[in-house]
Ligand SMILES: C[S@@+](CC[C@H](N)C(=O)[O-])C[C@H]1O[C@@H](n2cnc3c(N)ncnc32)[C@H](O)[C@@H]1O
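What follows is one chain in structure tokens, specifically the form predicted alone.
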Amino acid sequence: MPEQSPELLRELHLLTRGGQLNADALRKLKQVNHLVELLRPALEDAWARHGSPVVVDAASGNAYLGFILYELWLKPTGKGELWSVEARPELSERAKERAARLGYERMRFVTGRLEEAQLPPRIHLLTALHACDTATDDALSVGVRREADHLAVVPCCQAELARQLQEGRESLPEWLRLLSRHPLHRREVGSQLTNAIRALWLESHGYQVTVTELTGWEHSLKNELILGRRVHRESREAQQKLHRLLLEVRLRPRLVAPPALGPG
């Protein structure tokens, strides 16, 4: 983007010494830049309504998204904090040193498990880009508990329900056994069910949900973006739909706690 500095892209090792983007770096940058653009309505809303907005980048890894959000949004607006949470100490420390070199004073770094992280009591936007398997669910749970105004997750490697489809085959309804007979189909069906359950779960907690593609499939196969905007406390209708779906498929993802299901 025109407003992106070569200095930051070099710090993120996306630019070569000659100032070029190789194919892998270009693919990563396109994904993150496009996600930032898709987050613009959420950012505009949070910045308009709050004096000191809080953005949490969950399971941040190398914190590409956090750094680019800071440069394109927090830095020019002069307000807000960006909290980066990562369980791997070496990645968290590297990102912290990078932020110090760049002078990004309103970036905060937390090392440890997301569900145990000491975060501000109120979150205005929570993101999770390619948080693997149930790490995406941990991000959603934290965002809902902190009553985040907006949630944006790009799931990755949804394996939890694929395992349940394999381990509990005899108890599955026949149509689901047929759909998940082969390992490739089992992985795809598990992924689809996982994200459908996530969307319903968010709706049951009062979020308006949009599911869309992040970028073209040529850039990433992990391409599904789930956006949630908090509009009210809870939806009884969504709770009941979720309850019926879980009864039908006879699966139980960790994300869904019994109190969230409601009566049949």
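Counting begins at 1, following the sequence as shown. As the structure is a computational prediction, the values presented were derived from the model and not from experiment.
The following text describes the form predicted in complex with the named molecule, which does not appear among the structures shown.
Arg101, heavy atom within 4.5 angstroms of the named molecule in the model of the complex: Taking the distances in the model of the complex, the answer for Arg101 is no, it never comes within 4.5 Å of the named molecule.
Determine whether any heavy atom of His130 comes within 4.5 Å of a heavy atom of the named molecule in the model of the complex, and answer yes or no. Contact with the named molecule, yes.
Taking heavy atoms only, is Glu97 within 4.5 angstroms of the named molecule in the model of the complex? Residue-level check for Glu97: no, no contact with the named molecule.
4.5 angstroms heavy atom contact with the named molecule in the model of the complex for Gly206: It does not: once the named molecule is placed as it appears in the model of the complex, Gly206 has no heavy atom within 4.5 Å of it.
State yes only if every one of Lys28, Arg88 and Leu114 has a non-hydrogen atom within 4.5 Å of the named molecule in the model of the complex; otherwise state no. Affirmative, all three are within 4.5 Å.
Any idea which of 164-172, 135-143, 190-198, 177-185 reaches within 4.5 Å of the named molecule in the model of the complex, heavy atoms considered? This holds for exactly one stretch, 135-143.
Check each of Leu214, Ala238, Leu227, Ala59 and return the one that places a heavy atom within 4.5 angstroms of the named molecule in the model of the complex. Partner contact (heavy atom, 4.5 Å) among the options: Ala59.
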